[in-house]
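Quick heads-up: it's one chain on its own, the form predicted alone, in structure tokens.
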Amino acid sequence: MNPYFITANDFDAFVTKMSKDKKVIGPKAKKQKFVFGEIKSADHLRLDYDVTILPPKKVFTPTCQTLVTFDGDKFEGNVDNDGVILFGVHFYDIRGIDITDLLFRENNRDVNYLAKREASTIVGSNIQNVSKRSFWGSIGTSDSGPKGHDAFLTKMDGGYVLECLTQKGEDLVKFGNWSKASAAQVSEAEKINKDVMDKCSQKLSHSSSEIAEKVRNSFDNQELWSNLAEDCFSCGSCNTVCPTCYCFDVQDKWNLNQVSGMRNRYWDSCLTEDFAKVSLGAGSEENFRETRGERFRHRIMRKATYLNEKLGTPACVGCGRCSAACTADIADPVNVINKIMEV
């Protein structure tokens, strides 16, 4: 596929025309922060964002998603296959989507996720401002980078370079006055994206393989995990904002007639007290991660070691959202992992 260039003067017209023809979801301002929301004109788009409150996974797995509606013995699946253009996604969030793609495609395919995901177009964008809690520059990976996008946009002096990776990416060029990018422009885009990798103020002090081994070996150190989780409120905020957390709860909601209703799934959080609670019947129950330390340990194990072999990378992308969302300021993976490595 070909790289293209558009001038800064023509870029706004491109975004506006694209958003009039397709549903575009991109970063936009929400008071002093940023969220992914519908972009109806270039004025809404904020490619200079540092990080959004919630990751773009919410486009494909909403916080509440209706799976089935039913009425008596009749039922109907609710599969949303209306694609969108997810525009302006930072590389770490693309990696988060890559991880979710793999997990939702293997074994029993999750059609409710994949229908919308596979109908959509994802356009990445370079990082213009770095969140103070981010550490994506030190998250190791065995591959060359994220793969789940269709095009990647890089802002530079005078305009933007668009590297199209799939036909869906190529199809966007028709909305703007794009020309073939020169070799110098492509080289400049590569340099911009390479240079930003050193801009994170927070860094992990060891490689991903070293971290995975040490974290796994610390499993039985109950005193360590109890101390790390001492101030945890078990609120689940760190799970809620994570781009690679994908646990959900399924609940049936009945209408007043007690005949019809719907089956919904909701985001769930392994840090909450009830997450690992199961019924034993006869009114009794068992919680197999009863303490805060056990739940805190499970989260760090999932992010740093459990899935590394399957994913070829940690199940953490270094966005820093969990650090910013934690009321007690104890969820920061950099602080937690560096402490573990010192034990």
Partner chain sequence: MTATDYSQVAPQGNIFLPKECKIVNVKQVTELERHFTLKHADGSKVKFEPGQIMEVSLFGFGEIPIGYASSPTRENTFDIVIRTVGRVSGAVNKLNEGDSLFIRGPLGHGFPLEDLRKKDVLIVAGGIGLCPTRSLIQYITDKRSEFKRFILFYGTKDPSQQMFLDDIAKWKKANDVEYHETVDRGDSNWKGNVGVITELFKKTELSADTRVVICGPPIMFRFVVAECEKVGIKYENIYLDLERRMKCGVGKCGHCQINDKYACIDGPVFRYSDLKKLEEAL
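Everything quoted here is computed from the prediction, not taken from an experiment. Positions refer to the first chain, counted from 1.
As for the form predicted in complex with the partner chain, it is not shown, yet the points below apply to it.
Enquirer: Does K174 reach the partner chain in the predicted bound form, with heavy atoms at most 4.5 Å apart?
Expert: No, K174 is distant from the partner.
Enquirer: Does the partner chain come within 4.5 Å of any heavy atom of N81 in the predicted bound form?
Expert: Judged by the heavy-atom cut-off of 4.5 Å, N81 is in contact with the partner chain in the predicted bound form.
Enquirer: At the 4.5 Å heavy atom threshold, is E286 in contact with the partner chain in the predicted bound form?
Expert: Contact with the partner chain, yes.
Enquirer: Taking any heavy atom pair closer than or equal to 4.5 Å as contact, tell me whether F36 reaches the partner chain in the predicted bound form.
Expert: Result no; F36 lies far from the partner chain in the predicted bound form.
Enquirer: Go through 84-92, 202-210, 71-79, 120-128 and give me the stretch that gets within 4.5 Å of the partner chain in the predicted bound form, heavy atoms only.
Expert: Stretch with heavy atoms near the partner: 71-79.
Enquirer: To verify the annotation, which of these, Q185, N193, N112, S138, has a non-hydrogen atom within 4.5 Å of the partner chain in the predicted bound form?
Expert: By the 4.5 Å heavy-atom cutoff, the listed residue in contact is N112.
Enquirer: Tell me whether R105, D268 and H298, taken together, all sit within 4.5 Å of the partner chain in the predicted bound form, counting heavy atoms only.
Expert: Yes, all three are in contact.
Enquirer: With the partner left out here, which residues of 216-253 have a non-hydrogen atom within 4.5 Å of the partner chain in the predicted bound form?
Expert: Counting only heavy atoms within 4.5 Å of the partner chain in the predicted bound form, the contacting residues of 216-253 are R216, F219, D220, Y246, C247, F248, D249, V250, D252.
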